[in-house]
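Single chain ahead, by itself, as C-alpha cells, in the form predicted alone.
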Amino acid sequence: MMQSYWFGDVGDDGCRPFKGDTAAIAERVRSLRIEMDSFIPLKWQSAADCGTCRDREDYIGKLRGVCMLLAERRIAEEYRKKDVALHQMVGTLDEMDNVINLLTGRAVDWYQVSHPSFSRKYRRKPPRTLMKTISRRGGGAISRMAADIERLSATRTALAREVSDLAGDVMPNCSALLGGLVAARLMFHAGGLTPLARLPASAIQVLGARTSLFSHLRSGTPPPKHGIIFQHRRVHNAPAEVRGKVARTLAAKLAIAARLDLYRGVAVPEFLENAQTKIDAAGNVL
C-alpha cells in the first residue's frame, strides 16, 4: 500500500517521486487526504532516497517554498471573503469615533482658556455645532483644528453610511433585524461573519458587553442582559420587566440570521417576517 507525501508516494516496494514545480506540489498538498491513524511520518532521507532532494538543506528549502506558497494562497482566500472589508470599515469607524471625541474635548478645553464665557451649556451642544462655533470664532491654530475635526466628522458620517449599505449586502438577514450599522458592529465584535454564525444565541445576546460580563465573573455583580443588541429599538424601548425576554428572542433570531447570511447570502422573507413577529410578541406586556 502506498502512502502519499508532499514529495511522492512511498510504499513497501519503493518510492514514486512527484514531478512538478512548487505550484504543482502545493496543489498536490491541498488535494491530499490522509488518515492520521495510519499516517507514518518520515525523515528527510526518505525524500532524498526518492530523488526529490539532494540533502537536508535542499529538502528544507523546497518544503519551505511549498509552505510559503500555500500560506500566501490561504491569506488571499481569506481576504477575498465578503465580510473582510466590512470588518475593517467598522474598526476604522470606531477608531474615528475615539479620535473625534478626544480632539473635540481637547479643542473645547483649549478654546475655553481664552473664552471663559464658553460655559457648560455650550458643552451640551452636538460636537459638530461646537466645532463650527470654535472654527468661526477661535482664530489661528484652534480654528484650523476645529475645521479639521469638522471634516473628519463628515468623513465619519459618510463612512457610516457605506458601512450600513455594505452590511445590507454582506449580511442581509441580520441587517434586516438590527439595521446595517448595528449588524456590522455585531459582526465586528464576533470577529467576522463565520465566527458570528458559530456563536450560540446566549453569546450573541451579550456580545459587546465584555466589561459588564467580566465584572459579573470577578465581583458577582448582576450579569448583563444584553450587549450591542441593546441598540435595537425593540430592546432599548422595552419595559424593564420584559427587556431581557426581548433580548433573548432577538439573539435567538440573530443566531439563525447569521447562519442564513453565511450559507445562503440572501434575505429570506419568510424567516424575517416570522422573526419580527416573535420579537414584537416578546415585547408585549400582558
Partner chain sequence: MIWIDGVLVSRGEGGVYGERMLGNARVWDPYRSKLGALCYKRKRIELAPDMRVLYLGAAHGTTVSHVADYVGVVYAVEVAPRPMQDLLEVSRRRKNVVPIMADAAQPEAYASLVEEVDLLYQDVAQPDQAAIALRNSVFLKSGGTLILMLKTRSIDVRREPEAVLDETKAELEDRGFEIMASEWLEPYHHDHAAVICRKG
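Positions refer to the first chain, counted from 1. Remember, it's a predicted structure, so these values are computed and weren't measured experimentally.
Just so it is clear, the following notes concern the form predicted together with the partner chain, a form of the same protein that is not shown.
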Choose one stretch from 242-250, 227-235, 255-263, 52-60: the one whose residues place a heavy atom within 4.5 angstroms of the partner chain in the predicted complex. 52-60
E78 near the partner chain in the predicted complex, any heavy atom under 4.5 Å? yes
Contact flag, A71 vs the partner chain in the predicted complex, heavy atom cut 4.5 Å: yes
Exercise: T129 in contact with the partner chain in the predicted complex, heavy atom 4.5 Å: no
Heavy atom to heavy atom, is Q88 within 4.5 Å of the partner chain in the predicted complex? yes
Contacts from 6-36 to the partner chain in the predicted complex (any heavy atom within 4.5 Å), listed N to C, are W6, V29, L32, I34, M36
